[in-house]
Structure formats: structure tokens, C-alpha cells
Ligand code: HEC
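Just the one chain here, the form predicted on its own, laid out as C-alpha cells.
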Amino acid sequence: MKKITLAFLLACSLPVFADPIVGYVDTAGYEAKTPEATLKAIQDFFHQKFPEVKGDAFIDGSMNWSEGERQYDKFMTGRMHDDFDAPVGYPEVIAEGKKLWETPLPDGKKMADCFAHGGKGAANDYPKVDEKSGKVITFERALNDCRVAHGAKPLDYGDMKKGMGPLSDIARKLSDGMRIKMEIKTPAELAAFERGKAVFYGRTGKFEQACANCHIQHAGEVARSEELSPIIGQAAHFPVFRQDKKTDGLHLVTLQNRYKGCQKSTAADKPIKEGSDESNDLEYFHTYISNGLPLSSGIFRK
């Protein structure tokens, strides 16, 4: 498998950028005029580039090109479910998430009371657009709205230990196996999609990189020591547990926490924050591109 460095990414990707004022990448899906056409263009691109990867296999991301990574994922997943060998960090996050989900709120209600069927399948109703404000409402926003409505303080979206991270992981597990079913019909939904698309294809940072550079254009290649996964399937499997280099254990990463981390890696001047309008718009676009794939929360990813 071809390895690439950040310098190589910069050198080979800059010529494909279109109008520098618009700041888009001229690659699969960019020129498509509708959400349906954008999704088809990206799907066609990857079906042609990776004919061996079919259907639900896209949720395995870069493991499709790395047997070593797949075996390591299997090993770490086994450890996470071993009561005697669970990596440091994993049991603590799970316990905190269950506590936040199950402990009665100040007025006696529980988180499950805010959602139909006790929260089962609730995550698959998001992200969605509030027609009145035009803003994207994520599942994490809905979780915080529930807390506030019943007298509790909102949780920090960026807190992966005591805040929204653990609660999101536990709440999203109740939708595992359900398939993403987003539809974009209204002007407000279309506007949110286009805003998120602009973030995904837009350049940022001193290296002038876009999400599309790594996760469309160079998907399947290796940057430094990491295989680059395709955009299809990414939004279906967050939050994830990743290795914590400081403790040799695991730490939790939500989808929007990963957005911030990616932008930091590409030297963005102001990485987008969890819960921001820009991050929410990106999640809306990102999730649509994984339409039809099954959800899976709290898995291990290298």
C-alpha cells in the first residue's frame, strides 16, 4: 500500500483545488447539484476505486485494506469485553455513561423519559433540522435539551470523561444495528446539507487541506502510520474508543471530537468545536453520506 506524508498530501492535492475563494476540492461529489447526486457520485467513486469493498463492509473503514489492523481491532474488542483485562479508561467511561443515563434528573425524570421507546432507536432520528431556526439538531443536543428541561445542567460537548462523551456512547448504543435513514426534502434541510458539504470540501489551515483530501481523494492510502478511511461509513460508528498513549489504555472520541482532532492535525487556525453550528452542519452532511449503513456505538478503532 502506498504511503504518503503530509508534505506529499499538500504537494499532490493543491492542483485539484478549484476556485480559491470558494475553497472547494474538485473531487468526487463536489460538483453534484443535489444531495442524492452527491451521495451517488461518492458511492460510484469508491465502488470503482475499491470494487472489493461492498455494502456494510464500508463501516470497517481502513480495516478493509489492513489485515493487521483488523486483527488488532479484534484483539482490543475482546479486551474491552473481558472483565479481568479491560483496558484502563474503558470501564470508567462505560460506568459514567450509565450513571448519566440512569440517574434521575432533578425533577425525578430519567433520560429515557425524553425519548420514545425509552431511547431505543432515538439516535437514528438525528441529526435533523429545526425548520423554524434552520439549525441542525444533533442527538447530543437533544440529550442536553432533555437534561435542561428536567432541571439539570447541560453537559460539556467536549468532555470525554465526565461530560457528553460517556452519555452519548451509552445513549447511542440503544440504536446499534439500525440503519441510517436520512431524507432531505425541505429548503432548510437542503441548506444545512450544503453548509456541511462546504465544510467537508473547504480548505483550512496552513496546509490548506480539506476533509475530502484524506477521506475521498487519498482514502485507502497511508499518512504517516495511519490508513485513511473513506467518508462512507465513518459517521455510522461513533463514538469510538481509541488508544491513549499516556496511559496505554483507551479514551473515548465522539464524531465531533474527531472533527476537531482532524483539523488540529492539519494545522487549522481555529479548529471547529464540538456542538458548534459548523460542526453540526458537517455532521449532517457526513451522516447523509453513510445512508443505509448500520449504526454501531462504542467500538474500538485504532
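From a predicted model like this one, the values you see are computed outputs, not experimental measurements. In case it trips you up, residue 1 is the first one in the sequence shown, and so on.
One more form of this protein exists, namely the form predicted together with heme C; it is left out here, but the text below deals with it.
- Contact check for Ala86: every heavy atom lies farther than 4.5 Å from heme C in the predicted complex.
- Put simply, Gln234 is close to heme C in the predicted complex: some heavy atom of it is within 4.5 Å.
- Contact check for Gln263: a non-hydrogen atom falls within 4.5 Å of heme C in the predicted complex.
- Proximity of Arg258 to heme C in the predicted complex: non-hydrogen atoms within 4.5 Å are present.
- Within 4.5 Å of heme C in the predicted complex, a heavy atom is found for not a single one of Ile137, Arg195 and Asn291.
- Note on the partner interface in the predicted complex: the residue among Cys211, Val129, Ala123, Cys146 having a heavy atom within 4.5 angstroms of heme C is Cys211.
- Checking Glu102, Glu226, Asp107, Glu183 against heme C in the predicted complex, a heavy atom within 4.5 Å turns up for just one residue: Glu226.
- With heme C omitted here, the record of contacts in the predicted complex names 263 to 271 of 32 to 40, 46 to 54, 263 to 271, 243 to 251, defined by a heavy atom within 4.5 Å.
- Although heme C is not shown here, in the predicted complex the stretch 191 to 208 places heavy atoms of just one residue, Phe200, within 4.5 Å of it.
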